[in-house]
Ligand code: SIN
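One chain is shown next in structure tokens, namely the form predicted on its own.
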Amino acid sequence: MTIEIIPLAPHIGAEIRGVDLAQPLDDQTRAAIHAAWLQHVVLLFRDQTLTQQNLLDATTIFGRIGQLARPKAFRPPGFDRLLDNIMLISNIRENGEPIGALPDGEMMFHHDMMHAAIPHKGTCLYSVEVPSHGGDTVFANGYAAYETLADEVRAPLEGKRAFHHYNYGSTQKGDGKGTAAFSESSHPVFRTHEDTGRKAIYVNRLMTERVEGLSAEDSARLLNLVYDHAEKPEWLYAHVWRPRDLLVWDNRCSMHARTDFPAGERRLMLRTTVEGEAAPV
């Protein structure tokens, strides 16, 4: 199978063309897709008609399927049931309750699963229903941001770890939209990618609480400088969703945010993850 790799932005993202993920892929094609993922950080596959099992199979191109422990209350519309390790991201409500996680509105930049002791290294998100506008996913390249970070900001943080706290389902700190479940973790401020050997910024506005070993004032000052730099437009790709898009991103070297969208319009995504390893320094 011959695939095309089309860059989406100067520093992050590529569209993969010539692949039908509903069909079995040979080892050479799978290896080429995986290599493109490591190079471009975010991959887009358009016009994919996928069953839940197809989505799970596609996830294995990037590693072992991650175990998702968050509760799944309802089956997705159009499916008889929700398969294990597929999670709903949706604002659709049944009996007044959202059928999925992260239902409404804008969401700050974050790294998926950073709150876990061993974060999942990748995320796959497949669009079933999208609103007429908004709900875009914006990605930031953590490599580029780290490599251009000012020395006076980088040096005090090299070798340091940060503490992270996250309420499941929340979209902004203090917005009261989270559930009672939460998770906490500690990871390097700058993470070395185990496959590429490159360093990337590994803190974010949504989950990171403080840098360990620094005063509260120094921690807050340096983190805000890192956030401002890491979220600069030049490192970003903003994805405008269409139905049947599949996005796959590397959480070890990128973070992402979500733009607001009309509350009265349906949004339904199916999410899988790729099992990770303990974050190296």
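Just count from 1 along the sequence shown to find any residue number. Note that the coordinates shown come from a computational prediction; the quantities given were computed from them, not determined experimentally.
Only in words, not in the display: the form predicted together with succinic acid, which the text now covers.
Legend entry - Joint contact, Ile89, His110 and Arg258 to succinic acid in the predicted complex, by non-hydrogen atom at 4.5 Å: Spot residues vs succinic acid: full contact, yes.
Legend entry - Stretch in contact in the predicted complex with succinic acid, which is absent here, among 150 to 158, 197 to 205, 100 to 108, 183 to 191 (heavy atoms within 4.5 Å): Contact criterion met by 100 to 108 only.
Inset, instruction - Select from the listed residues Ala140, Val211, Met114, Leu125 the one whose heavy atoms reach within 4.5 Å of succinic acid in the predicted complex. - result: That would be Leu125.
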